[in-house]
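Included below are structure tokens for two forms of one protein chain, each presented in isolation as structure 1 and structure 2.
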Structure 1
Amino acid sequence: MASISFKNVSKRFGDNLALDNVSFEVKDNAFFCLFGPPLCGKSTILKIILGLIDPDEGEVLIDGRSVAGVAPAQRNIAMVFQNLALFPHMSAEQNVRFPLAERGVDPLEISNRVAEVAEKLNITHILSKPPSQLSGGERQRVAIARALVRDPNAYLMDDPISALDARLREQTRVELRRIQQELGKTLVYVTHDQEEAMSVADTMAIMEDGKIRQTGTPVDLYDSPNSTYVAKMLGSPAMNILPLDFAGKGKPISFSGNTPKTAISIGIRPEDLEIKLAKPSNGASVVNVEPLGSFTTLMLDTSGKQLLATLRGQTKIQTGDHVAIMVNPERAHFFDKSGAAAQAAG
């Protein structure tokens, strides 16, 4: 088991600042997720933890001890790379067995561990095949099995299920979460899929351009984003962010709450908008209706600004209708001119 800490870590590749004064802590036995767009520094963090690259500045601690100068093999960290890195000349089973065979583990124990992890990841039927005969999803599950079969201090996973189809991806992330809890191991997980991140993580760090913008539980980040960047990163559809003068009494969005003096914009999640049919007035016109089964998404136009609303189930509202828009003051978010969260007045 292992806790992992970054303290003011920076890393450059030539003129590119990949990590900019990054600090965070992964608690022992936590499922920690690094979330953000491509090239924001997520994979660089994993490689520094593993010991493949060294930071230019700052300190990395594992179990409270600095790992500066400690070789990757001595860190006892298992990693699933995005490119999988399976041995093409070996069968799936031989790939899974490899880390244990290299360490001289008893063959019977190896067979038992391989059988156990293969069953958990539903790959028993493909163990005899080489990687060239496996689908992308099957190769990813073999790579995950090769990491899980070990007994490391922590697991690192770099977007490990991106090649799976939507249904299998959902099943696999549930299995990863269950397996992590059963093993009682620290897991640092990289993804650019917000739904995936929010469904598996105990704690998330949201990244942008080599910096961590906010860290917290998925619920805390969703309900209390500290900036417009974080607010837009979480939620599908994303949060509506409008000029503050669009909300209030007699405004396009009916709002009766207090606002902070520093606020210049108001943020409202699509599911927090209250919509009802109305005559043309200060409300909005319905530009598009998108029924999605369990909920319906409406695209609304109000005074030249477009916003999205989601309604549970089906709706009788149609394209071309006019609606009144209201929002509960407790569900509104406010941001200042820098994009940082502003606290509402009491």
Structure 2
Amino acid sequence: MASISFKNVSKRFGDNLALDNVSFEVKDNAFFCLFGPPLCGKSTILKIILGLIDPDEGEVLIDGRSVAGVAPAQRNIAMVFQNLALFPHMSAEQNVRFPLAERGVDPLEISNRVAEVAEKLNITHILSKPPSQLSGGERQRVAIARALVRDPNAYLMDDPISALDARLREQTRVELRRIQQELGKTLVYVTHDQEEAMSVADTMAIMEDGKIRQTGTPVDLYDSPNSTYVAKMLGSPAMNILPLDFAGKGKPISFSGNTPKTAISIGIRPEDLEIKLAKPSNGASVVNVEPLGSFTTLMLDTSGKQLLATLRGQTKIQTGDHVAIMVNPERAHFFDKSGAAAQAAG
């Protein structure tokens, strides 16, 4: 049980500013997800929590206490590394036993705990094998087992299931979510997959170039992104962002409502666009139709700008059709010159 908080943490590697004044708080027992493109500083944050690297500036608190100068072994935090980092010269069982054996736990207790966690992760049958003889998925589960076997304050996972195929990944993330709730432990999870992040996180932080751009629940971030960056990072297909003069009365996107004064662009999620067949006048034309079963993605062209729209189920609209586009003012997002969200004017 532990809360983790970062206060104005910065870290440089040579000339490269890996973390730039990062602050966030992970509540006790929360599933916290760090989400961002590769090399944006996610892994650096985990290493700082673990104590493998020290921040240049700022403070890291675990359970309200500063951990500056506390060795990794003393922090009692378990980690699943991105490349798994199994010990190649030990069998899977020895790998899983290692954290307990190093802490001098009673051998009988070790055996019980290993058996229990092996059962939970379904690796009992492969415990005697060395990592080199395991498949990617099995290695992944052994690495997760090694983290789960002891009773740490918090778990950290650095993109642990990225090597699995899509279906297994979906299963594993549900499983991880279940295990986290069962254990009632804080979990900090790093991923570059927005769907994964949104599906598992209680709270998520979206990162860019060493900065945290926005923190909140997945639904909050999805519904009210504070910048075009966050807006584009979440949701698939991504939000349509257009210059403001495309929307309004008599414009390609029919829209009636107030726009904030500072706004220069409008963002609309593909599922919020309302599409109707129309005469080839002021509307848009359909460039491409992707029927994906539960929904259909349309690519629309309006005066040279391309938009994506998703419709529930199937549609009769075909490539080459002309359509009128409307949007509910409540579902529209506005951004100012700097890309930050513009506040609606009254």
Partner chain sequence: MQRTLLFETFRFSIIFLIIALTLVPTLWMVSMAFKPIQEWSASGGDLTWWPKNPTLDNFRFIFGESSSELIVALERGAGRPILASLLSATFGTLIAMVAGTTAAYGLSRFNSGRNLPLALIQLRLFPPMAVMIPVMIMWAFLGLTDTWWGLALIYGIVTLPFAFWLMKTFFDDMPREIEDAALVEGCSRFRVFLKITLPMMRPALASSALFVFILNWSDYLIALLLTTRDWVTIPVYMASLSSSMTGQLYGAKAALGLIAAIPPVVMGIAIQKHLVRGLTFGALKE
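When a residue number appears, read it as a position in the sequence of structure 1, where counting begins at 1. Please read all numbers here as calculations on a predicted model, not as lab measurements. C-alpha atoms forming the largest set that superposes within 1.5 Å between two forms make up the rigid core.
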query: Which of the two shown structures is the form predicted alone; finding: 1
query: G104 C-alpha shift between structures 1 and 2 of 2 Å or more, rigid core reference; finding: yes
query: Rigid-core frame, C-alpha of M90, shift of 2 angstroms or more between structures 1 and 2; finding: yes
query: Per-residue C-alpha change between structures 1 and 2, K129, threshold 2 Å, rigid core fit; finding: yes
